[in-house]
Ligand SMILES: O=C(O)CCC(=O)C(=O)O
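Quick heads-up: it's one chain on its own, the form predicted alone, in structure tokens.
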Amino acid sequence: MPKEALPPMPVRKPYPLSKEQIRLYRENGFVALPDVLEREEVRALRRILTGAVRDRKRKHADGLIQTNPRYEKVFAQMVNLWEDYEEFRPFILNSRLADIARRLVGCRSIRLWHDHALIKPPFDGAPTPWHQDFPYWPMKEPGALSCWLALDDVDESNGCMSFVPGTHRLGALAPVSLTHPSSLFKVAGLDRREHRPTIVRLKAGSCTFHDGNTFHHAGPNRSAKPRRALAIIYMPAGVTYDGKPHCVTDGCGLRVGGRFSGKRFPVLARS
């Protein structure tokens, strides 16, 4: 069977990821990387996202945009924009970004899990509770990670990300509700005073990468403008499907215990 072809992307130099940044990611479960996008790319993504939000709200595609008012006070999210909007593909299927993920994890090849636009509305954006990502994903093996791209400058005033270093080593815990949250720290048996979060402020065009089991949250947006971010989630090739329901895999015909594969989960970077 022939290997899946990598999507054609504009040629750019690999991101200058250092050994120290890789070490920090593996030790802490997250790392912040400056200037992964150029200014023109950030401006383009903002424009494309504005159009996609307007279009998706008009269409109300089932499962692809949340309509729960409680949930939307945390953030409005839209999944797999790259499938519906061709302009997103050079960003979501970007081998340069995917290769950062591959090098951080230390795998030979890496697949796309899905993209995920995250928009906190102005003034009333509620905090995103402390949570892990991996418990919500239908994967048997750990190792999946998220690239969280800031499309606006972010700090404590508009909902920047915070992480608790080393919590990825706890493994997957019971998932918490984002609308009626319980304390993830209590679930893990951790004393919050002994596990202080790291607040990560970013300039637009910079990003964080975090392991799917790393504790993280984002504060409310108290500013007068939306806080826009784009998450691109990757998984090492070879990860298998555990059968849990998920809007990305429902109806895909994946076999429980089989590897993720196919056009929806392309390989984006190889060593």
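One rule holds for the numbers: they count along the sequence shown, beginning at 1. Quick caveat: nothing in here was measured; it's all calculated off a predicted structure.
Missing here is the form predicted in complex with this ligand; even so, the following discussion is about that form.
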Region of this chain that lies against this ligand in the predicted complex, out of 169-177, 117-125, 193-201, 82-90 [heavy atom, 4.5 Å]: 117-125
Residue 231, heavy atom within 4.5 angstroms of this ligand in the predicted complex: yes
is_contact(residue 96, this ligand) in the predicted complex, heavy atom dist at most 4.5 Å: no
Residue contact check: residue 133 to this ligand in the predicted complex, 4.5 Å heavy atom: yes
Touches this ligand in the predicted complex: residue 207 (any heavy atom, 4.5 Å): no
The unique member of 164, 107, 161, 144 whose heavy atoms fall within 4.5 Å of this ligand in the predicted complex: 161
Partner contacts for 193-223, taking this ligand in the predicted complex and a 4.5 Å heavy atom cut-off: 210, 216, 218
